[in-house]
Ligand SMILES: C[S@@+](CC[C@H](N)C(=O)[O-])C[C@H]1O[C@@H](n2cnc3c(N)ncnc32)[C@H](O)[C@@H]1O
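As structure tokens, one chain now follows by itself in the form predicted alone.
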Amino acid sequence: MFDYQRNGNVFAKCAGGLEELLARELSALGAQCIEPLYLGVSYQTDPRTLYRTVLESRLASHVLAPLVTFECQSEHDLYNCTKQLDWSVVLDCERTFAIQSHVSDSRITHGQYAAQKMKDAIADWFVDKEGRRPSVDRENPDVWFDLNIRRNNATISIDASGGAMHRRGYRKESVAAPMQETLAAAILTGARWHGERPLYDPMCGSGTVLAEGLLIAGNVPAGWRRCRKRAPTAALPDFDQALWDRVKADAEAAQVEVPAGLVRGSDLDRDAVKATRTNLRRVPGGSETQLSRVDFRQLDGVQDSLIVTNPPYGVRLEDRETAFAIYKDLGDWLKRGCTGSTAWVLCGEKELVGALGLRPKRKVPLRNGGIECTLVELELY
């Protein structure tokens, strides 16, 4: 039997290196018994805090509400234990579902195969009980299930976030090697930036840093667009529509207008500036954001600001020599014209940190997509 209502344990997933930041964010949202773990944070919650997390968290990638845990030594264990559960508690034949899965250190070694066995068990349960089965929709299902098998123990959860939370919904155009939305938000969170001083990105790419900056400065929930049409938490067995509506209304009432000129950006590439303009039009206050097509080396500088940028670093662009030259020029520009500012630069390789020619105040290992990166903080005097 599912034990979802027996406790309020939830697991919020995040990218590696963001666990402590996410733990602090969850505490501010009202979570209890918080425990940072590998690639996520375990915590206890009530429905209101859970809804707030799904709507407002800037750092979590998924919020998982565990349904059941069982020993899983083989594919037969997975199928049989899954088929014994009462799936009518969380699903019916009128709704679609999908399964995301991950396996590690277990006898079952293939996540996609494990998801297929779980899907077969759910389908067979409904066929036995009702003579028909719910359909699978891998793009936009009514219910997302998460299957995690670690050390031969399986946990099945409902993804209360309804899919990947980094997909805010504002990115319509992109460029090579974009920064993930949750990572951009994490950098701004780590810099303790809330809109007190100007934010500038001299290589804005598709505008992710600027978009996340606008959301933070305007106190706009990260999931404001993703959660507009339906509540991702509606898949939960004890979903409360009235409470969800109150949580959304409270978040909307707390939004503020972003001062003109607070968030600015530029890029040498015409397509990047075009992509940024397109994307920022889908963010509150983004249409008024100051953007320019210019090489940062031609700028006088940016004083008394927070500078956050993700320069090209040769891994995907396959031009290491050019990447090192850009980093050297960026370091020279920061030293020359950005006194009183703080810069956070996402470097694709450790060697690129040295190319900046500045002593970092802090180095943080992070991942941007599948690329190992080093984030450096630079104080400019």
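So that there is no doubt, residue numbering starts at 1 and follows the sequence shown. The structure presented is a predicted model; accordingly, all values stated were derived computationally and were not measured.
Another form exists, predicted together with the named molecule; not displayed. Remarks below refer to it.
Among the residues Val175, Ala123, Leu91, Cys81, the one placing a heavy atom within 4.5 Å of the named molecule in the model of the complex is Val175. Note on contacts: among Met179, Ala160, Met165, Cys227, the single residue with a heavy atom within 4.5 Å of the named molecule in the model of the complex is Met179. In the model of the complex, Gly190 stays away from the named molecule, with no heavy atom inside 4.5 Å. Although the partner is absent here, Arg138 lies well away from the named molecule in the model of the complex, with no heavy atom inside 4.5 Å. Contact between Thr208 and the named molecule in the model of the complex is found at the 4.5 Å heavy atom cutoff. Contact check for Phe296: a heavy atom falls within 4.5 Å of the named molecule in the model of the complex. Considering the named molecule in the model of the complex, the lone stretch of 231 to 239, 69 to 77, 267 to 275, 211 to 219 in range is 267 to 275 [heavy atom distance within 4.5 Å].
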